[in-house]
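As a starting point, one isolated chain is supplied in structure tokens, in the form predicted on its own.
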């Protein structure tokens, strides 16, 4: 392992390898996701040091050029973050020192690894939340397209997993679409909430240099800076928890959608046939066609919840920096890796699954039209409670009503006969435009 950034001199022994392995943990592996952000922030920091008179403009340009080259090489697979470094921060300084000599040793002036990792993590979260919002809007768009085409297809509606009232495929699809529009909105609001640069707060106390922090924040695309250095440290973990919370909202809706598919594709329901590529077989039963993808999609929310619990457990801390905060990095990245991988599968499944219309229509039984009948009597002037009891007494004599008529007459805003898909499309489009301009 290379020279430690915290080592004071050549004679200092430092920690042994076993302890260093424990201290480093998964950092090198995780930092491969942070390295490009760290390189970009380091270049902005170099330009800030030039503006503060610590570096010349030529020195800042040399540093920025080298950092840009490292980013290109890493993205192309030509440069590795290997085991010879403690973390990505030490790697960057080592590379600069190797290439630029004493100039490379100047890059850490006015910053600490505390604000260095904090700014890289905020950049990572901004990127992931942007991707999350985009994916939720794509899912919602796929659902809305099908809702438009299948708005009049009748299907049973359920409460307590019992048949309740006639519903429609359009309403079911639009309901899930609106949930994912909400999730995109939450992801963008969360992104805006954490869109502040902590760079230049150093170890949590500021530095005795007139760093142009606002200029550097703007250079990095942040909306503002975290003003107080202590707040910059205290926000570690807190903002990660909120970012994972936005992800959890989407994976919760994913879980509910997957549960519906799990039920609907059983032989007992038979409402849905999944695309062949989303199913597998049994190793022993030749007859089986298992919805394994749907079941694993259903499990993803539990993994995100686990990350939330891990983050919360690490945050029982006093003010200022603590090494415990290193433990917030893994659950954050693990949650987004799992959540985004799962959400990426949804558009394909949602566009290609097939409704089994005969099974949907056959599941509409006479008793399911009872509420329509009671509401009609109430609209004709009978007090609703009397109408309710009258229809309950007539339950045995009810016959199958016209499902299409039932759906068409359900005209309250958002209901089957008045889905308000235009409102949902408009809201989705507004969020897509906000995302494009972000």
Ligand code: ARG
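Here the structure is a predicted model, which is why all the values come from computation and not from measurement. Numbering follows the first chain given and starts at 1.
Keep in mind that the form predicted together with arginine (ARG) is missing from the display, and what follows is about it.
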Is it the case that residue 89, even though its partner is missing from this view, gets within 4.5 Å of arginine (ARG) in the predicted bound form, heavy atoms only?
yes
Hey, in the predicted bound form, does residue 329 get a heavy atom within 4.5 angstroms of arginine (ARG)?
yes
Decide whether residue 33 counts as a contact residue for arginine (ARG) in the predicted bound form under a heavy atom distance cut-off of 4.5 Å.
no
Arginine (ARG) contact in the predicted bound form: residue 40, any heavy atom under 4.5 Å:
no
Contact assignment for arginine (ARG) in the predicted bound form, among 323, 224, 277, 160, heavy atom within 4.5 Å:
323
Only one of 234, 142, 114, 242 comes within 4.5 Å of arginine (ARG) in the predicted bound form by heavy atoms, so just point that one out.
114
Spot the stretch among 144-152, 315-323, 208-216, 248-256 with residues whose non-hydrogen atoms come within 4.5 Å of arginine (ARG) in the predicted bound form.
315-323
